[in-house]
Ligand SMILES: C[S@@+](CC[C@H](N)C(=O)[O-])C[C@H]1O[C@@H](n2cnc3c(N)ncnc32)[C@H](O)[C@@H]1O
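Okay, here we've got a single chain as structure tokens, the form predicted alone, with questions on binding and movement later.
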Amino acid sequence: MKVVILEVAYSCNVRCKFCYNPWGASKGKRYPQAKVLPKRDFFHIIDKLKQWGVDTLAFSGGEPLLNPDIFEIAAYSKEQGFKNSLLTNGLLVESHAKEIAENFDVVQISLHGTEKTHDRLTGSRGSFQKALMGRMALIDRDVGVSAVIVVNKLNLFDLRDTIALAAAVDMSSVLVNRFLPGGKGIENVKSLGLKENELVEMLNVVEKASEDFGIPPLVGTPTPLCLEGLRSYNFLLKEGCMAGKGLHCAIDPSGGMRVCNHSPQVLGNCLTSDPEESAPDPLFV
């Protein structure tokens, strides 16, 4: 494995309609959620990941900045030679800008539309302004900052303006992910899910807007190759879906390992078992 998504908090301070966290699902089998690990256990997991050859940790959640030990955990990770990235909704970035810049190489801030659209999707009035203030708090600090957009039916119309906004506030790149049903998002499939023609429209908007506004794009979710009208886009995820290919995995806040942060299936616990010995070979190479 090269990249591990380290989820350090179950909780979140927004209520996104598209949230994929498996523990947020209100229907189906309940996710085996336990207590968030203390920092010492996260240190132990980081030691194991170093032995397994991982080189990048993507700190996520929930909202990772809600874990009071986040900066100590990230500092330990950097001491062990990892590259750290932070995926955040941005609400707490302004108040922790110094610590974030000291402990993370890259920060990815959610930007799901212009103000009205973003706040509607997050279910949190004022979240757009707080995310922008968080970005501005990092603008003179030595840390790369990217925008993350989850594209769905409710913000596709706003996508070009959202990419323009990311460029205007000097984001280094824009990561565009189409809505994938999972967690709470399963409840909103009909209102959020993109049809085939809308997915192609999304890709075309990304291509044109990134060229017009001079911001590098990446589509981080797999794209069905059978779509009518699909062309060759240089910003698509080249590996396709990375689950089970030995490229990455997710570890939840209590140590449970999954092939992907969207997956509700826990393979084992990093503190009580060694996945390299117990999991099928294709998962850990």
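In case it trips you up, residue 1 is the first one in the sequence shown, and so on. Since this is a predicted model, take the numbers as computed values, not measurements.
The protein also exists as the form predicted together with the ligand; that form is not presented, and the subsequent description refers to it.
Contact with the ligand, judged by heavy atoms within 4.5 Å in the predicted bound form, is confined among 132-140, 197-205, 69-77, 87-95 to 87-95. Checking S127, S110, T162, S210 for any heavy atom within 4.5 Å of the ligand in the predicted bound form turns up a single hit: S110.
Contact with the ligand in the predicted bound form, defined as a heavy atom within 4.5 Å, is made by all three of C19, V150 and H262. Interface residue remark: L180 is counted as part of the site for the ligand in the predicted bound form, having a heavy atom within 4.5 Å.
The ligand is not shown here, but in the predicted bound form it comes within 4.5 Å of a heavy atom of P64.
A residue is said to contact a partner when one of its heavy atoms sits within 4.5 Å of a partner heavy atom; C12 meets this definition for the ligand in the predicted bound form.
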